[in-house]
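Next comes just one chain, in structure tokens: the form predicted on its own.
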């Protein structure tokens, strides 16, 4: 058990370091990314998703990794996405970059973190009451790309291909004025 905790701690510290070095803890760079001026952070985030997908596939293939796939609910997911996007737009951080920015000593990130924790506490308190209202009406069941395609490796290849195309397009279409740091 302690090995897993240490592995998690080390992985978190390493990922926080990478997030900080990529510039994702800078709310000004995040704002430029949202305005489609700086393509580096979205490209970094998509590359991180791609690498994580490969790593998770490898762990699951080796019998080490285990994921729990929750059913999809359009209303609950849509509402969560809106709240997530509004919060990110208001404070300039997503949840992961908030923690890294707090570790960097950014005071504004401390307020974002406190607000996020308060929101999580309210959600946890209301969760049981929200399920029948927001989750159940549009519950589509468990749905994954491998379930749709029927092959885990082929699904991974397709998802990685799509992510690579998006990374390329972001770099080509966005102004990419990241030299204004």
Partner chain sequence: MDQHQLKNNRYWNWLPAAFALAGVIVFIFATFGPPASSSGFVSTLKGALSNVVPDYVQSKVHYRIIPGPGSWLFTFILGMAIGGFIGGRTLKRSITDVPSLWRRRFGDSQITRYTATFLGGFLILFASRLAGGCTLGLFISGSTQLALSGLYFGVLIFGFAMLTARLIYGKEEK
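By rigid core we mean the largest C-alpha set that fits within 1.5 Å across both forms. Please read all numbers here as calculations on a predicted model, not as lab measurements. Numbering follows the first chain given and starts at 1.
Heads up, the form predicted in complex with the partner chain isn't pictured, but that's what we're talking about next.
Student: With the partner left out of view, is residue 165 within 4.5 angstroms of the partner chain in the model of the complex by any non-hydrogen atom?
Tutor: Residue-level check for residue 165: no, no contact with the partner chain.
Student: Taking heavy atoms and a 4.5 Å cut-off, does residue 64 contact the partner chain in the model of the complex?
Tutor: Residue 64: contacts the partner chain in the model of the complex.
Student: According to a 4.5 angstroms non-hydrogen atom cut-off, is residue 161 in contact with the partner chain in the model of the complex?
Tutor: Looking in the model of the complex, residue contacts with the partner chain do not include residue 161, since no heavy atom lies within 4.5 Å.
Student: Would you please decide whether residue 169 lies within 4.5 angstroms of the partner chain in the model of the complex, comparing each non-hydrogen atom pair?
Tutor: Flag for residue 169 set to no.
Student: Only counting heavy atoms and a 4.5 Å limit, does any residue of 24 to 42 reach the partner chain in the model of the complex, and if so which ones?
Tutor: The stretch touches the partner through 26, 27, 28, 29, 31, 32, 34, 35, 36, 37, 40, 42.
Student: Please determine whether the C-alpha atom of residue 142 is displaced by 2 Å or more between the shown form and the other one following superposition on the rigid core.
Tutor: Residue 142: C-alpha displaced by 2 Å or more between the shown form and the other one.
Student: Against the rigid core, is the Cα displacement of residue 71 between the shown form and the other one at least 2 Å?
Tutor: Yes; that C-alpha moves by at least 2 Å between the shown form and the other one.
Student: With the core lined up, does the C-alpha of residue 56 move 2 Å or more between the shown form and the other one?
Tutor: Where the cores coincide, residue 56 still shows a C-alpha shift between the shown form and the other one that is 2 Å or more.
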